[in-house]
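In the form predicted on its own, a lone chain appears below as structure tokens.
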């Protein structure tokens, strides 16, 4: 099974998110991430969905989504060039001054144009705010867990959009 990505344009109405997520739960498809927000048209929302599935199951998912009345368009992002970011907050607790310094150094190493920063700091706690790719966020989490004893993670899911430039293909 592979990670697959779908972008859905849907009618921006009450209950549409529940219907889409209900389709996944009714068929026992496990959503990895789901983000949704309005587009430039207030009556249209775009969802970015990540699901781990084999080829046959993924084709069924796309067909079932296309069959929903509220779905305007389904885009398979799995094999096309995309830009993708995932929001993540990581809180590291129990830090002394050496640990805080190390936390700031880790943020500097992962930062690429403002994608990782320390956004809050307290007595023995530091809060990271990260907008990296899912894989980079996984690497950051692994590093934080290897360096610090108490790490709390909050992931917000990924948002993806098709690439424009041919240089990304």
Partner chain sequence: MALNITGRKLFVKALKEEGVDTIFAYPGGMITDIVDELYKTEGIRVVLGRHEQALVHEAEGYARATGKTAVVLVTSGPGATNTITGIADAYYDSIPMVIFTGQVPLHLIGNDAFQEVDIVGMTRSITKFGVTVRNREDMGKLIKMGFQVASTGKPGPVLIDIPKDIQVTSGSPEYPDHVDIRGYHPNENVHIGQLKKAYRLLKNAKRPLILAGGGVRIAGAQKNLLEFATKMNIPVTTTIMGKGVMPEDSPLYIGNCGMHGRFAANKAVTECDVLFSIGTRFNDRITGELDEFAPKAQIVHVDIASASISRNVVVDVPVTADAKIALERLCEYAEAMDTKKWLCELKAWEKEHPLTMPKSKVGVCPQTICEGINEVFPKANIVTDVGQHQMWATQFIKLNEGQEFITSGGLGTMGFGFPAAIGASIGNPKKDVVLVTGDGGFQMNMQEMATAMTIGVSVVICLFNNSTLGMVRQMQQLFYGKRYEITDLSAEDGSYYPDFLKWAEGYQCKAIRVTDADGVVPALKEAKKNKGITLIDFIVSPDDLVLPMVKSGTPLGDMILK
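Numbering follows the first chain given and starts at 1. Since the structure is predicted, the reported quantities are computational estimates derived from the model, not experimental observations.
One more form of this protein, predicted in complex with its partner chain, exists but is not displayed; see below.
#### Entry: Selected contact from 70, 134, 102, 129, since only one has a non-hydrogen atom within 4.5 angstroms of its partner chain in the model of the complex
In short, 70.
### Task
Could you work out which of 109, 121, 143, 44 is the residue within 4.5 angstroms of its partner chain in the model of the complex, going by heavy atoms?
It is 44.
### Query
Non-hydrogen atoms within 4.5 angstroms of its partner chain in the model of the complex: do 78, 87 and 154 all have one?
No: no residue has a heavy atom within 4.5 Å of the partner.
### Query
Pick from 30-38, 121-129, 134-142, 54-62: which stretch has a heavy atom within 4.5 Å of its partner chain in the model of the complex?
Selected stretch: 54-62.
### Task
Consider residue 150 of the chain shown here, and say whether it contacts its partner chain in the model of the complex, taking contact as heavy atoms within 4.5 Å.
Residue-level check for residue 150: no, no contact with its partner chain.
### Message
I'd like to know whether residue 18 contacts its partner chain in the model of the complex, with contact meaning heavy atoms within 4.5 angstroms.
### Response
Residue-level check for residue 18: yes, a contact with its partner chain.
### Message
With the partner left out here, which residues of 129-153 have a non-hydrogen atom within 4.5 Å of its partner chain in the model of the complex?
### Response
Sequence-ordered list is empty.
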